[in-house]
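Consider the single chain below, provided in C-alpha cells and representing the form predicted alone.
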Amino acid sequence: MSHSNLKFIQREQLKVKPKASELGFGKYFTDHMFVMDYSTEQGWYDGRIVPYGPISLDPSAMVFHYGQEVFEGMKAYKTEKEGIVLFRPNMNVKRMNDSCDRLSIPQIDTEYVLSAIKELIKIDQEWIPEGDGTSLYIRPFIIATEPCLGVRAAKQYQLLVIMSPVGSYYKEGIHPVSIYVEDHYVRAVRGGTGAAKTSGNYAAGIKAQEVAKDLGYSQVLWLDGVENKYIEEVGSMNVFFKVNGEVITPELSGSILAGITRDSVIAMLRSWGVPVTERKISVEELFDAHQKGQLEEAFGTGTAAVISPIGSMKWEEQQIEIAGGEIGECAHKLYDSITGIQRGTLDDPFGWRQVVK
C-alpha cells in the first residue's frame, strides 16, 4: 500500500473540544480515526481516515472468543521550534509487529502505518492540548474480525488508530506510589504472551490490582510465574531499582514487555555514566538491600507516566520505605530529561524526536 491510496472522509460536524482541566486520561476522542482491513486474499487493504465512531462486528468475530488482539500506545506533542513531534514511533510500530507475530496476526507495513498515523495527527492536530504535561495519546490496535468459532488464527482483521487528548499525569506534582508485592496471582510466564502488548495480559492483572487497592496500595509488583521470587513488572510498567549506585532492571526474558521508555531510560543512564544492569533480581535481594541501607531508589517506567517513583513497598509481613518516601534524584532527572526531549525544551542527542511533517 502507498501513502497516495489513503482515503479521507471528513466529519461533517466537528466535536466540541474539552477544556485542558477536564481531560483526564482516555475520556475524550478526536474527530477522526484510521481504519484498515485485512483478508488472506487481499492482504492489508483500504486504508482510510474516517469520522470517529462505533464499529460494527459480527457477534462471532473471533476477537471476542479467542482474544486475537494487539495494541500500542504513543503520544504526540506540540513544540515551539519543531511543531508536532512523536517520541520514537518507529519502536512502537516495530513492537506491534512483534506482538502480531506472537498472536499469529499478519505483519503490518510499518512505514505505511506510521505515515497514516502522521496524516491522522495532522488532520486532528487542533486536538493536541498545549497545557503543561498534556499530550495527544495515540492508540493503534488490531482485532480479529472474521466471524467464526473455530479455534485457529483468523483470516480477517481490522487495524484502527484512535486518538485522545490527555491531561497531565502529575497534576499536583510527582508523588511516589505505594506497592504491594503480589505473591498469589501471576501476570505472565516465559513462553506466554507477557512480551506481547495484548489485551489479555492486562485483563489478567485487574484482579490483583483490585486486591492491592483494597489493601490501600496503588500498584502491584509482579513476580515471575515459575519460582514466584524474581521481580518482573510493576502494574503495567517496567521497573528499575537503584542499589548501591547501580541501576538494576529485570532482563527481557520472554515474559516482560520491551518498553520504549525502558529502553530510553537505559540509554540515557548509560550516557550519563551510570552503571545499568539487566538481570534477574529477586524480591528477597531487594529487601535485603534495603535492610543494608543500599536500596536508594525504585521507579516504574511507561508511556503514560514516563517515570513513576515508588515510595513504599510491602512483601509478606515486611513494609519498607524507599528514598524517604520521596522521588529520588535519579528518577527526577530522568523524568525531566525525557519529558524535556519529548516537548522540545531540551536537545535530543539520541535522535528520538520525530517531526510530523
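For every residue, the number given is its place in the sequence shown, counted from 1. Remember, it's a predicted structure, so these values are computed and weren't measured experimentally.
Same protein, other form: the form predicted together with a further copy of the same chain, not shown, and the subject of what follows.
Taking a further copy of the same chain as it sits in the model of the complex, is Q319 in contact with it (heavy atom to heavy atom, 4.5 Å or less)? Contact check for Q319: no, nothing within 4.5 Å of a further copy of the same chain in the model of the complex.
Indicate whether K78 is a 4.5 Å heavy atom neighbour of a further copy of the same chain in the model of the complex. No, K78 sits far enough from a further copy of the same chain in the model of the complex that none of its heavy atoms falls within 4.5 Å.
Please run the contact check for I248 against a further copy of the same chain in the model of the complex: heavy atoms, 4.5 angstroms, yes or no? No, I248 is distant from the partner.
Contact with a further copy of the same chain in the model of the complex for P59, defined as at least one heavy atom pair within 4.5 Å: yes or no? P59 belongs to the contact set for a further copy of the same chain.
Of 291-299, 45-53, 326-334, 308-316, which is the one stretch near a further copy of the same chain in the model of the complex, taking non-hydrogen atoms within 4.5 angstroms as near? Stretch with heavy atoms near the partner: 45-53.
C148, V226 and S236 each touching a further copy of the same chain in the model of the complex (heavy atom, 4.5 Å): Yes, because C148, V226 and S236 each have a heavy atom that approaches a further copy of the same chain to within 4.5 Å in the model of the complex.
Among R270, H175, K122, K207, which has any heavy atom within 4.5 Å of a further copy of the same chain in the model of the complex? It is K207.
Between 117-141 and a further copy of the same chain in the model of the complex, list the residues on our side with a heavy atom within 4.5 Å. Heavy-atom contacts to a further copy of the same chain in the model of the complex: Y137, R139, F141.
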